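A lone chain, given as structure tokens: the form predicted alone.
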């Protein structure tokens, strides 16, 4: 064999590990699907896919905000309780306006808008502490974790906020369309006047809150990958000193990044209210770890500078499918934390040991 053929052969041999390293999350996702479909029952049913979508909503929203912070070289540990704070504020406002006699649709809309506006505050404070006061992101956001939880408990008097307008659950647990095999297709609302047997056969397709969440995430995914704001985020995470020399206002940009994270946490709280028809201070407490894991296994480096929204979505589905598959197999769900923690450690080890394989520069 000639030297040229040897070089070509060795080049091909080196390309395979790189390709596998870059695609390992897709292989992991495929492995999950194979295992749960083989050992479980009805994994490919429409109902099961609906469960995966619903289970992914909160993680996906928190991860969509977290990816901006992690790419910039920071981390936001407050998202879980900022989500709880937003759910409490949103539910409280809806109940207050509805009790005052407002139209329920207007009461719901105002509750959502007020929660979103107030939801910017934790991110603004996090960004101020990190950029102006030079507090490490871990400490600043962990402190906000406690502050948001405390205010949520005070506002809700340590109990879930209930008695929301009836339309909250109708929309939050509604679907994009309803299909009755061989008879009808209805958009946005369940058909009325159906017999009991027809209701059992009715197939809901794609939850409303999943569609809305995915649309918002795609918009911010475009911002991250295709706009100057996204370019500056990657530049700051890659080399903050070089970003300053390039003329980027790093402090102002980082404050915006933490506000984006807080915005998505607030959206997560609002989606929680729409789905469960209550507001709880601890609504997102169990999802902070999941959001970070989704971002990291999606290809982002905790050192900053790399990652993508698409990768975070794939990471989210890995966790959501894991949860749904465990329920399908009858495995206690608290075991999920062991698996998720293990996946996080493995992802970080891969990033540490083989950075050239997994840091994709997207």
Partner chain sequence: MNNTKTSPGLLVKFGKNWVVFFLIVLCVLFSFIGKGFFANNTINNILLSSSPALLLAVGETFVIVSGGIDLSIGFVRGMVAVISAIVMRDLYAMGYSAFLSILAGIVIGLLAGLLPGLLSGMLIAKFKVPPFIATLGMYGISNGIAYGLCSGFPIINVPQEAGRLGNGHIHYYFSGLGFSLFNRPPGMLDSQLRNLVRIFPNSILISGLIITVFGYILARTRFGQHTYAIGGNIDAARRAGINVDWHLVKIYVISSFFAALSGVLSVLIFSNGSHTQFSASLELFAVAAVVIGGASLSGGKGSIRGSFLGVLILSVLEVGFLMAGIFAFYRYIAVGSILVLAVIIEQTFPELIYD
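Numbering follows the first chain given and starts at 1. In this text, all values refer to a predicted model and were calculated from it rather than measured experimentally.
In what follows, reference is made to the form predicted together with its partner chain, a form of this protein that is not presented.
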Out of 114, 259, 95, 75, which one falls within 4.5 Å of its partner chain in the predicted complex, going by heavy atoms?
75
Contact residue in the predicted complex, from 178, 149, 210, 276 (heavy atom within 4.5 Å of its partner chain):
149
On the criterion of a non-hydrogen atom at 4.5 angstroms or closer, are 103, 171 and 317 all touching its partner chain in the predicted complex?
no
Could you tell me if residue 134 has a non-hydrogen atom within 4.5 Å of its partner chain in the predicted complex?
yes
With the cut-off set at 4.5 Å between non-hydrogen atoms, does residue 167 touch its partner chain in the predicted complex?
no
Partner proximity in the predicted complex: residue 38 to its partner chain, non-hydrogen atom cutoff 4.5 Å:
no
Consider residue 129 of the chain shown here, and say whether it contacts its partner chain in the predicted complex, taking contact as heavy atoms within 4.5 Å.
yes
Among 199-207, 139-147, 95-103, 250-258, which stretch has residues with heavy atoms no more than 4.5 Å from its partner chain in the predicted complex?
139-147
Scan 320-344 and note down the residues that get a heavy atom within 4.5 Å of its partner chain in the predicted complex; none is a fine answer too.
334, 337, 338, 341, 342, 344
